[in-house]
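Next up: a single chain in structure tokens, the form predicted on its own.
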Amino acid sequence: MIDRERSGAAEPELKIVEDATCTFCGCVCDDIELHVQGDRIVEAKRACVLGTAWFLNHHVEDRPACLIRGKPASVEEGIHEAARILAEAKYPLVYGLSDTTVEAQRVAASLADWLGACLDTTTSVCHGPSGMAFQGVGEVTCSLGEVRNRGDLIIFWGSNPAESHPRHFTKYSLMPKGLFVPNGRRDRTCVVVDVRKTKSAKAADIFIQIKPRADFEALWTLRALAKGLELDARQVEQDTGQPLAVWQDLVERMKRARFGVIFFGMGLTMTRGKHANSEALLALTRDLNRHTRFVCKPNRGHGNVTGADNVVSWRTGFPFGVNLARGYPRFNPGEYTAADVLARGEADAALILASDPMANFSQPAREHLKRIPYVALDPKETPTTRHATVAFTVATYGINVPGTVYRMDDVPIPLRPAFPSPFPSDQEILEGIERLVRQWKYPRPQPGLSLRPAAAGSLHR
């Protein structure tokens, strides 16, 4: 490390970025004050422990902007090779999208359409069942601002925001003083329903510990009670792990609430029942609106996974797991989702954007991904970029790249970057690949476009 005093080098000028946006989790807090010196963030005021680590640990990687089969190459050569791989594929896969801007996601969706690819997001391995339930049942929803100003009964089901979304309690759901809850926490009742006592349970007024894999039974018990049906107390306790009286008390609290909110997480969506659990919760919320105002929202994880769902829905009519091979979108989770397409050995090429399937997919899926040529875009070196045929090092959204992201309540938030990056953005790379793929697969006279590698510094914007 260089001693600046001895070397005579001056400290970089301190720059303050107000109202910066943290893209670590789905809360997408947009009130962060960043103190920046050169290409380092030295302080992140108001950020939570996860956001502070996100900002302060960020640094520009000392690695090539592009690697082709493990060897350094220019970005233009990488774009050419990536376009060739994808254009020549018979059954390509485009996967990821959740940790990049809406603008880049739109280009990725457009590229998947030109390729006739399977288009999937990381939603398929987290809140995918919720997306399926929304398609079948609908959603009674609101913004986090409404929760902050109106919510007096807050229920967390299969969700642990104390660890996954540290500012959720203080900024939106429990602690803040709102227009109709002027005393903040004292005006609210918090209920946590989970299979184990989490850190979030310690902040709750009521903790209901249900049997593992019994969410579906518990939710249908609440639905029956909300409709005034009589239930067998012994059967309820056997199915849910809690006495009937506990559920009766909860239903009465729900009916008496002025503005009730249920936040649910992967503890509900990725356990036994999956989309049926989510459908039961959405239907329960709908039932409760016969008595009072009640809403429910998924606690989304990645910074812009909600944006990915919105963009793919705009472009195809479905949120994830979409096949575009026939020239029109087909939706079938389990058939067109990335983990399944790879595990069955069907894809013959892939574009992996802002995700790391090599770190969390099943062994058969990872092994097949290693066997096929694929392109990876990521700001960091990951297991996925290490095995990629073409790997691009890209700028980090929110820290280096402006654009738009969607908060977990579907509210778009602008990004205010702290400092520029020497690496291109996801959007620039994807636009370059899309231009070449369009010319390769659907040749038309287009001035200034060539399938040959472009000269250095000529990347089209």
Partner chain sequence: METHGDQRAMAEEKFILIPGRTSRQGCGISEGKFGTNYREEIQTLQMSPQDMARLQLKDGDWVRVATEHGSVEVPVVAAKADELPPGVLFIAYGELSSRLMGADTHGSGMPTSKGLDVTLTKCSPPEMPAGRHTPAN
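Positions refer to the first chain, counted from 1. For clarity, every value in this text was computed on a predicted model and none was experimentally measured.
From this point on, the text means the form predicted together with the partner chain, which you will not see here.
- Taking the partner from elsewhere, no residue among 140, 330 and 396 has a non-hydrogen atom within 4.5 angstroms of the partner chain in the predicted bound form.
- With the partner omitted from this view, the residue of 149, 389, 164, 242 that lies near the partner chain in the predicted bound form is 164 [heavy atom within 4.5 Å].
- The listed set 124, 323, 221, 101 contains one residue whose heavy atoms approach the partner chain in the predicted bound form to within 4.5 Å, identified as 124.
- A residue is said to contact a partner when one of its heavy atoms sits within 4.5 Å of a partner heavy atom; residue 231 fails this definition for the partner chain in the predicted bound form, lying far away.
- Taking non-hydrogen atoms only, residue 72 never approaches the partner chain to within 4.5 angstroms in the predicted bound form.
- Taking the partner from elsewhere, residue 360 is found to have a heavy atom lying within 4.5 Å of the partner chain in the predicted bound form.
- Within this chain, residue 249 is remote from the site of the partner chain in the predicted bound form, having no heavy atom within 4.5 Å.
- Only one segment in the set 107-115, 337-345, 250-258, 141-149 has residues whose heavy atoms sit within 4.5 Å of the partner chain in the predicted bound form; it is 337-345.
- For the partner-free chain shown, just 301 of 280-310 comes within 4.5 angstroms of the partner chain in the predicted bound form, judged by any non-hydrogen atom.
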